[in-house]
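Below you will find one chain, with nothing else, as structure tokens; this is the form predicted alone, and questions on how it binds or moves follow later.
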């Protein structure tokens, strides 16, 4: 049975290798790539290195993201809404610490309108003051308030600040007041962020030649650069540290939250992905408890989620622990850290490592079956001009053995931990109380 599974794994890897963004073409000065597997719907994403890591003023990246699909020189915001609904498509934006994405999802055959809509938002948004004050700022404030009210999000925000300080430590969500940013600030940032060499255009469910022609048609007249280039990021350094945040008086019923993490000043390695799969408490069979070393030992009511956040030159790995009481959070924290120490000490059985490796390989390849996963996996590579195939990603997990896994894990734990406690800080544990 095991040999059959291995054969199936190789077949899946080989077939999925065809679905890659390895072919990149230049169109109107932009890097463009697409994959078409005959889907009835299509998607086009414009991805720019314009996240908080690169921002000129705190909060401008989040404001720019919320300025998408407002009034442009081609059409009004209301007109865009009406036309998009007429076509039955969806326009959306997303923000990470490194990238802003403008995405259009639509029925196959409607690509001309939606590439035009994306292009106009990229190059001719008016950035009016009244839209900033009446629409964008309220949306940013609401988005930020909602995000930070979740103790898990709050813990991760603090963890990034502790781990990386500036750059990747810049806040993803920040309540921006009207006096903090002007429409000119946002316009200036957009002009530098959307320079052609800072943008990649990805399509799914659309022929690459078709996408290339549409990009040339609607973005061909866009200037290559405005002269204001996006600020080059400083090389990421991992610091670590500790922070404790007391729940506000309005947080009754919120879960007690701990984050125990470590950072790398380098890209994610296969060993780190396998460690994440080894510790993950998400079962492979519905209603089962799973065989993770954490799943069977966590106290009742407590949870431990593995966090693995990859960036271009860094990574943040950790365990996000939540429980209804500080006592259970402390107990879960001890269990979670012990599981990390066991992995670093080489106390992972051969069959456990093989299972974790297979799970990591599956998750990495399965993620690219979705449009969001493809953009996340290949978008940053396209901007840098170094896209890889799914086969090379799958092969990287096969090269990990017990020695390299133990060495990578032990090296990770030798660095200064990032420890965050959010909740009842009078009773939540300190790092030394859970063994750090």
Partner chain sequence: MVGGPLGLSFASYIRSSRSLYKWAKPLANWYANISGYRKMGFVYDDLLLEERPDVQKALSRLTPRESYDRIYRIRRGSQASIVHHDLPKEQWTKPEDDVRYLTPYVSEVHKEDLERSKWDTMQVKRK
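Numbering follows the first chain given and starts at 1. If you're wondering where the values come from, they're calculated on a predicted model, not measured in any experiment.
Omitted from view is the form predicted in complex with the partner chain, to which the following refers.
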Inset, instruction - Verify the contact flag for residue 349: yes if a non-hydrogen atom of it lies within 4.5 Å of a non-hydrogen atom of the partner chain in the model of the complex, no if not. - result: no
Inset, instruction - Mark residue 126 yes when one of its heavy atoms lies within 4.5 Å of a heavy atom of the partner chain in the model of the complex, and no otherwise. - result: yes
Legend entry - the partner chain contact at residue 220 in the model of the complex, heavy atom, 4.5 Å: no
Legend entry - Residue contact check: residue 296 to the partner chain in the model of the complex, 4.5 Å heavy atom: no
Inset, instruction - Identify which of 289, 82, 235, 146 has a heavy atom within 4.5 Å of the partner chain in the model of the complex; exactly one of them does. - result: 82
Legend entry - Listed range touching the partner chain, judged in the model of the complex by heavy atoms within 4.5 Å, from 356-364, 278-286, 116-124, 71-79: 71-79
Inset, instruction - Could you list which residues of 128-160 come within 4.5 Å of the partner chain in the model of the complex, counting heavy atoms only? - result: 129, 130, 134
